[in-house]
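Presented below, as structure tokens, is a lone chain in the form predicted alone.
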Amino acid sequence: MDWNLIRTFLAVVDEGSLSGASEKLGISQPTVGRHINELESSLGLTLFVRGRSGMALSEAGLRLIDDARAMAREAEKFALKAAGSSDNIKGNIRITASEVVSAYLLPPILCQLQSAEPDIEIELVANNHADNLLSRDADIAIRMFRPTQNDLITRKVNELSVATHASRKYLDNFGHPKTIADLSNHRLIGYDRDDLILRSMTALGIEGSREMFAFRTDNHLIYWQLLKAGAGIGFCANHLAKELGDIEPLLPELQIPNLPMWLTTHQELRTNLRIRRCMDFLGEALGKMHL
């Protein structure tokens, strides 16, 4: 049986539509539809009930879904072992990191990596969500938390210091807060659905709710642009603030814990020459940065 048909079947199940599966797999919607038709024809079964709301599993599809997922897990293990056995440095490497790290820290490092290893093609995925290394969504991840899965290799390479900041434009208009209590009289920038800032504030003994933020966004790049534009007082990495020079640190007594930076890959890839080379290069470059 053609594994691609099973892979498409699972994508349609997970996304609920042909268009969603098309986007997930990076193939055309007609190809997705053709795969489903071929699979149903080869099995002599109707796997989906088509409706206005999308594609729902039929009874036959429901009976087969667990076996299809088991096949997917075995295929992932096969791909990981094959990739880990590669002794050729030529090829592509897929790296994932947060939006801020991808936009402001990695570009010069990746340029140096490509100059040192021109045979390596680099794919950078800017994503604040934890990509699944076990299913090869990425080869290497840079994360601000230590992954706990047993099948991953992790290495702490640095720490990102964070502080309270505001742009000079904002401070000229609204003044400097003198104490932590003064923050209640200022415009604050926070996250929307992500409660990281609120949890961090609670850990520091500051109670609050999302309503205390005059501006809210979960997109870290937009958050940074709001801070630069003078929208309010926010919390950002000291490295970024120093780089741009128009942002001032505030309230040094508000000691925000550093964010650890972890370099992570799947243990099956530890013998892959290309990935090991990139891991070492990234670890050394990130470790030297004064963050």
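Residue numbers here begin at 1 and follow the sequence given. In this text the structure is predicted, and so the values were computed from the model without any measurement.
Note that the form predicted in complex with the DNA isn't included here; everything after this is about it.
- A heavy atom within 4.5 Å of the DNA in the predicted complex is found for exactly one of K242, R63, R34, R69: R34.
- Contact with the DNA in the predicted complex holds for all three of S17, Q29 and M55, each having a heavy atom within 4.5 Å.
- Exactly one of the stretches 233 to 241, 220 to 228, 46 to 54, 258 to 266 approaches the DNA in the predicted complex with heavy atoms within 4.5 Å, and it is 46 to 54.
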